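Single chain ahead, by itself, as structure tokens, in the form predicted on its own.
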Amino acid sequence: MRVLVLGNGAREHAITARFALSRRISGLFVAPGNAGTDALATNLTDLDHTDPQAVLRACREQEINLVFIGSEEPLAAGVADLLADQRIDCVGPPRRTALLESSKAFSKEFMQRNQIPTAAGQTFTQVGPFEEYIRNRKQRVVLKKSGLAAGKGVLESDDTEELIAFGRNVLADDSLVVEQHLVGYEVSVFALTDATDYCLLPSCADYKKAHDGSKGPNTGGMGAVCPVPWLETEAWHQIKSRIVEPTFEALHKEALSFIGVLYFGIMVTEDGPMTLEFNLRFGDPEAQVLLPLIKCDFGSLSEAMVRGKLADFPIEVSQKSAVGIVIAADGYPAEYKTGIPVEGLPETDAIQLYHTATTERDGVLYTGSGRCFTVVGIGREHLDAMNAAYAAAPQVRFNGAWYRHDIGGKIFGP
């Protein structure tokens, strides 16, 4: 197999690392990739991975058999559609199905139409009706930009003026979803699907808030754990029976079935699990803690998905635990600098280290994003994994580097 992974984040580094271990791989490419993937594969740094025609040309030039779409932008751009037309195997949904992620308005309507448990909510396209709703509301609400926002297009607040200012900004060029605020704890659930069958992977938890104690603004994710030690068995059964199974039934019914990864963002409340959102790919930073625990050959697993053979494939998952800590740049998730020289990285086999958008010039490594690295500790128990990750995190050194100090602790909503 000759494989092309699309993206340049820590998630794509983790995906590339799994493919690099496969006995099936005869050529491995990443576009555009980062300094971490460059050590495992051939980076196609000049390839615009959001341009379907550019991706197709690269597939022909490099004789690619399989494209694995890591990030959301190529999905929204229709890369998978063109590859399907040209009979090139692809792990990733067509643009129409990708609306479940790229349009929160579409996703909310899908959930409501198919009676998939979710927060009460409605979509606004005009400022006037939105402002009237906010000023007359009787409960706390959550505002969500409908389009892609890299995990940062969400506001939870009791401040009416802050809500209105956020909504006006969004409504200038997008629609806005307003939802009931739910209380509980969040879990991330991932399913692999071959368009006919699906299988669930271990649960994850993503720490979205910037600061310790789950305070501060939303981010793309400051850390993750897998599996979630505080997720009770009964809640897991409810997630599968009330959310996962009905969602796949609805996908089939509405002709939205696809080959790829379906992410369920779920809030476990006193009234049971509720669906917050869908993504049509692995999450970041969840991929960094989930993928190292998949023991089976990732090339063979991907082939089973594109061949419609997932039901017959023996997926093996480690019983160990993983804890990932994101090392961020000063100022993130607001304004931050890139191109900061990296002064040091952990030198230990006890952790996995994944890069985000890093580059290397003349032997010097430079940052290229707000979330720069993910340090992942793996251990027999949750505490072992936490200790390994936190022992290594301070060894990632660049000017302004910071991270949360409570990743691995139980998450509860306010």
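Numbering starts at 1 and runs along the sequence shown. Remember, predicted model here, so these are calculated numbers, not experimental data.
Same protein, other form: the form predicted in complex with ligand AMP, not shown, and the subject of what follows.
- When ligand AMP is considered in the predicted complex, Asp174 lies well away from it, no heavy atom lying within 4.5 Å.
- The closest non-hydrogen atom of Glu156 lies within 4.5 Å of ligand AMP in the predicted complex.
- Of the heavy atoms in Arg96, none are within 4.5 Å of ligand AMP in the predicted complex.
- In the predicted complex, ligand AMP sits within 4.5 Å of a heavy atom of Glu186.
- Just one listed stretch, out of 193-201, 138-146, 314-322, 251-259, contacts ligand AMP in the predicted complex at the 4.5 Å heavy atom level, and that stretch is 138-146.
- Of the residues given (Asp297, Glu303, Glu179, Asp81), Glu179 alone sits with a heavy atom within 4.5 Å of ligand AMP in the predicted complex.
- With the partner removed from view, the residue among Leu100, Val342, Leu310, Ala119 that has a non-hydrogen atom within 4.5 Å of ligand AMP in the predicted complex turns out to be Ala119.
- Residues of 91-112 that come within 4.5 Å of ligand AMP in the predicted complex, judged by any heavy atom, reduce to Lys104 alone.
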